[in-house]
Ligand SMILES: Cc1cc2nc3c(=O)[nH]c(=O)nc-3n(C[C@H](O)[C@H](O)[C@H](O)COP(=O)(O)OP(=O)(O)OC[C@H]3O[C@@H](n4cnc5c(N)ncnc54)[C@H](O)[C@@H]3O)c2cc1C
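The chain below stands alone and is given as structure tokens, in the form predicted alone.
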């Protein structure tokens, strides 16, 4: 059997640590996740089976990936200071996503809020030092959450360029040396009692379109006034808990704001490409595992006493699937390269419209191709495709959810139109 590493991985893009870190995570995935992942759907609420695998991936009792972004002097690996941070993150998303995309999401979303204070050139050393022990000294998995989406508008909060933040209803007011936060967030990954730390995008002046009034404030989950609902049961993504978070007169120190007026809005616009690039990595990981499963199936199942793959009709389908996986992987690393500080041929800052719109365009394409090829694979496998024994239907449900988030297809297509066709919303 050919290894899925046959698919394109632009060698000039990858980081020096790529081979080692992939080997470590692949070993973890094959031992700790693959044999058990069929049981994950029934474990969506309690995570009795899921949690030990997270501990071995993230905590110091295992690989320790939850501390990777922190600087070495604070006990981390220094990836946040690396010129290859995006590319490394893409590799992590791929490898964990191959095993289980929901685990990849929960793990990588822990990085998401931390990028606002740990990635050069915007390291907030005061907050980095304060939160480092929570992640760097823990034996078990510790999660963070980007408490972004709100009930009235979902991911519309991402449309800072168009709305200026005027739709945000989570409000922070400064009283002395404390922020007092009130609001309701819905669907954040790692809510539902999982995360120990939130970053909360909010407004300091309700209805304002001045980006100086947009704020990102860190809130430890155990702070008085924070309430989380129970996790929602979804079509897939069992290892990723989503729920409601209510903030009622929640008080945190004034220095828990990520950076301050104007800069918080810029940093928020910088984390959107992180989410887009990681999403592509998740889907590529799922597609690589699809290839493994499909290769075995068409090589061992027969039609007219020949392996299925030797039938012309089947060969044309699986050939198209392989081609799409190859292209999607190339595009994912192209997106990661847009985000990395090293070797930047684009010349655009990460918070620019150019990067956000191009990445949304690529995420939309990769999402569409992923959903399409899983459908094609289901057709090839027939009844086996719906059989949980083959894990195809699990990935099939999970990757559809990835297609829907961060504004879904509509926002991706609107942003692409706005950039490439110079559209304006009046």
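Owing to the predicted nature of the structure, the values given are computational and were not obtained by experimental measurement. Residue numbers count along the first chain shown, from 1.
Quick note: we don't show the form predicted together with the ligand, though the next part is all about it.
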Mind telling me which stretch in 166-174, 188-196, 293-301, 216-224 gets its heavy atoms within 4.5 Å of the ligand in the predicted bound form? 188-196
Under a 4.5 angstroms heavy atom criterion, identify the one residue in 280, 96, 237, 141 near the ligand in the predicted bound form. 237
Only one of 340, 264, 270, 158 has a non-hydrogen atom within 4.5 angstroms of the ligand in the predicted bound form; which is it? 158
Candidate site 109, 146 and 406: all three near the ligand in the predicted bound form by heavy atom within 4.5 Å: yes
With the partner left out of view, is residue 21 within 4.5 angstroms of the ligand in the predicted bound form by any non-hydrogen atom? no
Although the partner isn't part of this model, could you tell me whether residue 229 comes within 4.5 Å of the ligand in the predicted bound form, counting any heavy atom of the residue? no
Is there a non-hydrogen atom of residue 242 within 4.5 angstroms of a non-hydrogen atom of the ligand in the predicted bound form? yes
Would residue 206 count as a contact of the ligand in the predicted bound form, using a 4.5 angstroms cut-off between non-hydrogen atoms? no
